[in-house]
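Given as C-alpha cells, the chain that follows is alone and in the form predicted alone.
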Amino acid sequence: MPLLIPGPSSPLLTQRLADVCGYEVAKVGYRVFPDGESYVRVEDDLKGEVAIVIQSCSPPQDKRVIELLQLIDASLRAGASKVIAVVPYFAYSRQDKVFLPHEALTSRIIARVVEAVGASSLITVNVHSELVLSYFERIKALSVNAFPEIANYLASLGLRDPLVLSPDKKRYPDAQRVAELIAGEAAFLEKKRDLETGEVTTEEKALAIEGRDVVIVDDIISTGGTIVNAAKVISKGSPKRIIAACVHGLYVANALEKLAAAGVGEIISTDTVESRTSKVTVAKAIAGAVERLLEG
C-alpha cells in the first residue's frame, strides 16, 4: 500500500489525505543545522512501496523546494519503488516565461530538478500557468482544480444574488465555473501590471452590484494588491458584502489587514497553503489524481 511522506509545510493536508485514502503516514525526521541548512530523514522502511510526498512550496519558497527535493531523495533511499510528488502550491509558477532579456526561466528549472532527483510524477493544484506542466519532459505532471470545492463551500453561505468576479480577464473562466456551481452571475475586471515595478492598477467597470454578495475569486492571493484594487472598485457599487476566495493564500506584506481595510468581509482559501483562512480542503481532489496515477 502507498505511504504518505509528510512535508513540514503540509501536515494538516497530509492527515486529511490519509483520512480520505486510508494510507498510512510514514515517520519523517527534520532538523535545521545552526547555519540554516535543512536535514531530512525518512525513518520508515519503504522497500517496494509507492511513496507519496506531500510538500507545498509556499513561502519561504527556496527552503520548501529544497525540503521537497530532500524528501524525494530520502524516500528513494528508503527503498520506495517510485515517488509521486504532491506539490499543492508550486513555487515559481508565475515565472513561467521570459518577459525581459536574460531572465532566468525559474519554473522550468524547478521542473527539471524535480525530475532529476527522481520523482516519477507530480501533482499540483491550480498551477498558475499551464505552461509550467510542459516543462516536465520525462515525467507526468497534473494540475487538479480546487474551484469546485471552493464553490461547495460558498454554496453553504446562503449568498444573496451572488456575483462572482474575476479581478482580471485571464481568470474569468474560473469565475464562470464557480458562478455556474452556485447559481450566480460571473464578471471580470481589467487590470494592468508594470513589468518593472510589479504595480497593479485596476480599471473601473459598470456592474450591477447594489445589495448583492460579491465573491472575488483568484488562484493566488500574495500581497493582496489585486484583490484590494478590485474591492475598492466594487465598494463604490454598494454591495451587501465582499468575499475573497482563492486557492493559494500566501498573504505576504500584511495582505490580510489590507484586504480587511479595503472592505473584504470574509477571506476563504484552501489547505494548499495552511493558514487560518484554509476553510476548504483539496484532499479529495488530490486523492482522485493519485488514484489515476496509480491505476495508470
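Counting begins at 1, following the sequence as shown. Values in this document were obtained by computation on a predicted structure and should not be read as measured data.
Although it is not shown, the form predicted together with a small molecule is what the next lines describe.
In the predicted bound form, at least one heavy atom of Gly224 sits within 4.5 Å of a heavy atom of the small molecule. In the predicted bound form, the small molecule sits beyond 4.5 Å of every heavy atom of Asp96. Of the heavy atoms in Ile220, some are within 4.5 Å of the small molecule in the predicted bound form. In the predicted bound form, none of the heavy atoms of Glu115 sits within 4.5 Å of a heavy atom of the small molecule.
Residues with any non-hydrogen atom within 4.5 angstroms of the small molecule in the predicted bound form fall in just one of 119-127, 211-219, 141-149, 154-162: 211-219. The contact with the small molecule in the predicted bound form, taken as any heavy atom within 4.5 Å, belongs to Lys191 out of Lys82, Arg177, Arg108, Lys191.
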